[in-house]
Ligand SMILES: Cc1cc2nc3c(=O)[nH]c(=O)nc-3n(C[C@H](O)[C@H](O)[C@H](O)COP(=O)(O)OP(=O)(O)OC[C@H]3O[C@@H](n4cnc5c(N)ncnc54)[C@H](O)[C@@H]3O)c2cc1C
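Below sits a lone chain in structure tokens, taken as the form predicted on its own.
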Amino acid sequence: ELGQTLERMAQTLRDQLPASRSGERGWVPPGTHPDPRPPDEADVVVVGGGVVGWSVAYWLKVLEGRRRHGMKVLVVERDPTYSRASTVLSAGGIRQQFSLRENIQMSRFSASFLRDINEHLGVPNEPPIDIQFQPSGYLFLASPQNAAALEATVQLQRDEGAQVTLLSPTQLKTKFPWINTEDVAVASYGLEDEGWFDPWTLLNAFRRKAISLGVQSCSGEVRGFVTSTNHMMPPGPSSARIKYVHVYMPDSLEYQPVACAIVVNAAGAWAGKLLEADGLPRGLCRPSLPIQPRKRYVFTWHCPNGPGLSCPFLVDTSGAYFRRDGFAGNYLGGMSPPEEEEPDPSDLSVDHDYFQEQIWPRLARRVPAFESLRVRGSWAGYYDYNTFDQNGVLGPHPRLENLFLAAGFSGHGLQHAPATGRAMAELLIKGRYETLDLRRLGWDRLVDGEPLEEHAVV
């Protein structure tokens, strides 16, 4: 009798699940296509389900307005576990201390967005979003050779409204007694809207909100395209449109063609490779997109006598960086290697000798207490590294008329994701940038061979 009662209760619960009365499938989370295959068509296909891709999808739904028939937006992510995603493997920093005006503006927009994140990304009847923001600021140290450049950069940041102060070695030592100021001529310190936060929480918040607004997602990899030139005889036209994307199912040679009006390349470190996919006319994809994966290590360590709660996100004159990681003497940090020593990006293995031989000596020289640190862990992630000028490439492709780019941020994609998504959505829906003028980050500079250098890449 008890068994019969439990079975009736179980059946009642099954009957109440949304999908249980329409077939044998179980419940499907909102926004997830009930079939493992993607839909046959979408207005916009966003390739890449990292924080930039989901931000684009979210802003498209926000800005579409009260249209009778909503825009069909599909986000395609090849790694649904996000175990190799740049977003969740980053150090989670946000700063206004950049050398390029557009990057400063994007950071300021994103900081404002994050302050009011629950107004933007909150979902009714779900817990409020807490990105665990730590407002401890960034601290850049400059050697005598680089002091003038840092001072000029700070003036630009101030002109854009950023609250940044310059510290002399004496002032630096007074504020942070644990720092060895040898070889430091000047330092810049962010007074507000700088620090770090939890990357996964932001990614999940964008994803959850976008799905609640009607965005669909699927697991798969875009490896092929059909364009308007595929059946034309040479000589080929000077431009083309993408008609279909081929989404390959996970661990399978099977693919689903998805008809689309617009494609957004937000594939991060693999954005360059995407433009080498089958079906794209090679002559129209020149110059190639100079974005490639660059592997970066993050190490964690414990040092009970290290900097306390006032510890900022410190970027040393040597390029090494660190920040506090929670409380109780825990820290994380790393350092980008010189160009000629870039590690093999084919996997995410960690070279532990790199910390022992390259990073630790620099850290211990700057913070003597770190001489006794104890390494606790490590991981590796990818920068979507723009080898041309270390800046994002945003906007329309010059020859593939309905392909738009949002990649190549070289380590600052996470903090600029809210601004990037807004800008891309404005471009797609309104035909122009409105909130921020990001035209200089477009493809033209690649065609013209005129880099737009960012000197504050960490």
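These numbers come from a predicted model, not from an experiment. Numbers for residues come from their place in the sequence shown, where the first is 1.
The following text describes the form predicted together with the named molecule, which does not appear among the structures shown.
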Exercise. Does the named molecule come within 4.5 Å of any heavy atom of D79 in the predicted bound form?
Worked result: yes
Exercise. So, in the predicted bound form, is D384 in contact with the named molecule at a 4.5 angstroms heavy atom limit?
Worked result: yes
For this session: Using the partner position in the predicted bound form, report whether L394 sits within 4.5 Å of the named molecule, counting heavy atoms only.
Result: no
For this session: Please run the contact check for L89 against the named molecule in the predicted bound form: heavy atoms, 4.5 angstroms, yes or no?
Result: yes
Seminar exercise, completed: Note: the named molecule not shown here; in the predicted bound form, the stretch from 422-430, 397-405, 40-48, 56-64 having heavy atoms within 4.5 Å of it is 40-48
Seminar exercise, completed: Contact with the named molecule in the predicted bound form, heavy atom within 4.5 Å, among A267, A187, V73, M106 goes to A267
Seminar exercise, completed: Residue within 4.5 Å of the named molecule in the predicted bound form by heavy atom, from D325, D316, E221, D193, is E221
Exercise. All three of Q97, V164 and G442 touching the named molecule in the predicted bound form at 4.5 Å, heavy atom to heavy atom?
Worked result: no
Seminar exercise, completed: Near the named molecule in the predicted bound form, with a heavy atom at 4.5 Å or closer, the residues from 407-437 are F409, G411, H412, G413, L414, Q415
